[in-house]
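Presented below, as structure tokens, is a lone chain in the form predicted on its own.
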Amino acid sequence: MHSYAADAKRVRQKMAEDRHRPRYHFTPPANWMNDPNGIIEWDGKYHLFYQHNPDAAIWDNMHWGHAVSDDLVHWADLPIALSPGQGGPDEDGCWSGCTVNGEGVPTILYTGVQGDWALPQNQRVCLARGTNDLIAWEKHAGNPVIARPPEGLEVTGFRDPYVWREENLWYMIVGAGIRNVGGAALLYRSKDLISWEYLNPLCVGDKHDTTTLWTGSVWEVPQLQRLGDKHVLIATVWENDPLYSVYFSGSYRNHRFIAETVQKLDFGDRHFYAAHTIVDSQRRHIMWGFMGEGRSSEAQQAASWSGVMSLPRIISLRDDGKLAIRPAPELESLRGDHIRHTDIDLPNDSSDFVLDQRGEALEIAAEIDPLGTVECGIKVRCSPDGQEETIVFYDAARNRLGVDRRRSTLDQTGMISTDVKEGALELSPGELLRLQVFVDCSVIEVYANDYVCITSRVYPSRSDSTGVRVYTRGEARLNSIDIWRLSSIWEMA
């Protein structure tokens, strides 16, 4: 393990000069990363597993990467946990799943792929057991523990098991879709984590329903969480396009989930994907998501890395059935140099209020009274002349929060995504706009009023695009703004 950690550190040191590579968001030492999976708190430490190709910065050859943390913030690289086994049921990939405490033994249930991954019958549930330090893993000799989708269902996917304990039995949902119907979570039951009985679909969507949020033909990485007196079913909508994570709030009884509302988890769509949630020893529900790149595959391979893990988010359920979402308070330990401004009237003269704090790794917390404004917000990654900037905006006329990255780069190669992503944010009369924005090189994470999130990726071409500004169209009042420089989570000395 010492050799692996030393090698990982050398690779990270080599990558540290890449100015688009985040400093306080988790990334693997190099190459490809996608879904968080199997995250668990074990003996007081948080273990993060993730989908990983150790050989290239492209999606292929899926392994389970592994890192550990004492504080949810600083991470140490550990050896790869699971690798495809030649001739076995996972020889073409160890895909997403979960980790549970199996009667005192750390136990992974994951998707093994053998053959053409696009065929549901080639996706099956496998099991592995680990040592108490979660370093070494032994695959179950009888894998797969679920060899095929249920008889009589024509499924469009069968992957990403999620397991929980209920009434002295184990329950599992598997992400799936029912052909010509919609995405689905299929429910199983077991006494021993080995022999599984199929019960029924826990919940099935309607891919033809366009009156509410479209939920597609396959649900990936489904998870069921109890929050207060409700249950929340989290899933990722998998289709050619769009791709995004959703949550349904509702009730769970008699082995069925009845959805009452459905919402997007993050309006950044594919930049917050495959949400994975755990309950830690403090009884907090903590969520991570995979932040995909906003640049071409060629650019990712040239950089030798791809994929970022979101910051850990604490979720709870509000009275209106929506999730309250906040960054984990442990992240405050990264705060360094700080400036604060208060009680500033923003006139309707099209001029920006320029902050005297610059940087590529910042946390910004602002409280704005929209008053009679049409639009207001914060510009980040700004060049001094304004040629490059990314705008976090609140459109008061339309009750929309968004991230506008059309001027985020001067790169004209067409290799970088530049668009606008937005979603509903309705402020009550007299309610202030409360923004918390995390800037980390190519990462922008926005939290608004503790329930709306937008995650994005930007790649400024200029090294001086590090400024922060507040702007308004119409009069508004900046009650307060705090900006901190944030330190790296990696010790490179």
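Residues carry their position along the shown sequence, with the first being 1. Bear in mind the structure is a predicted one, so any value in this text is a computation, not a measurement.
One more form of this protein should be noted, the form predicted in complex with a small molecule, which is absent from this view; the next part is about it.
- Which one, 65 to 73, 30 to 38, 422 to 430, 455 to 463, holds residues whose non-hydrogen atoms are within 4.5 Å of the small molecule in the predicted bound form? Looking at the other structure, the answer is 30 to 38.
- State yes only if every one of 360, 381 and 438 has a non-hydrogen atom within 4.5 Å of the small molecule in the predicted bound form; otherwise state no. Spot residues vs the small molecule: no contact at all.
- Which residue among 248, 273, 394, 162 has a heavy atom within 4.5 angstroms of the small molecule in the predicted bound form? Checked against the cut-off, the match is 273.
- Query: Though the small molecule is not shown, can you say which of 96, 408, 99, 310 has a heavy atom within 4.5 Å of it in the predicted bound form?
  - Reply: By the 4.5 Å criterion, the partner-contacting residue is 96.
- Message: Check residue 53 for me: does it contact the small molecule in the predicted bound form (non-hydrogen atoms, 4.5 angstroms)?
- Response: Although the small molecule is absent here, residue 53 would stay clear of it in the predicted bound form, with no heavy atoms inside 4.5 Å.
- Counting only non-hydrogen atoms and a 4.5 angstroms cut-off, does residue 389 reach the small molecule in the predicted bound form? No, residue 389 is distant from the partner.
- Query: Is residue 266 close to the small molecule in the predicted bound form, meaning a heavy atom pair under 4.5 Å apart or at it?
  - Reply: Flag for residue 266 set to no.
- Message: Since only the chain is shown here, I'm wondering whether residue 90 would be in contact with the small molecule in the predicted bound form (any heavy atom pair within 4.5 Å).
- Response: Heavy-atom contact with the small molecule at 4.5 Å: absent for residue 90.
- Query: Closer or farther apart in the predicted bound form, the C-alpha atoms of residue 49 and residue 241, for a change of 3 Å or more?
  - Reply: Result: closer.
- Message: Since the Cα-Cα distance for residue 32 and residue 242 shifts by 3 angstroms or more in the predicted bound form, is it a contraction (closer) or an expansion (farther)?
- Response: So the answer is closer.
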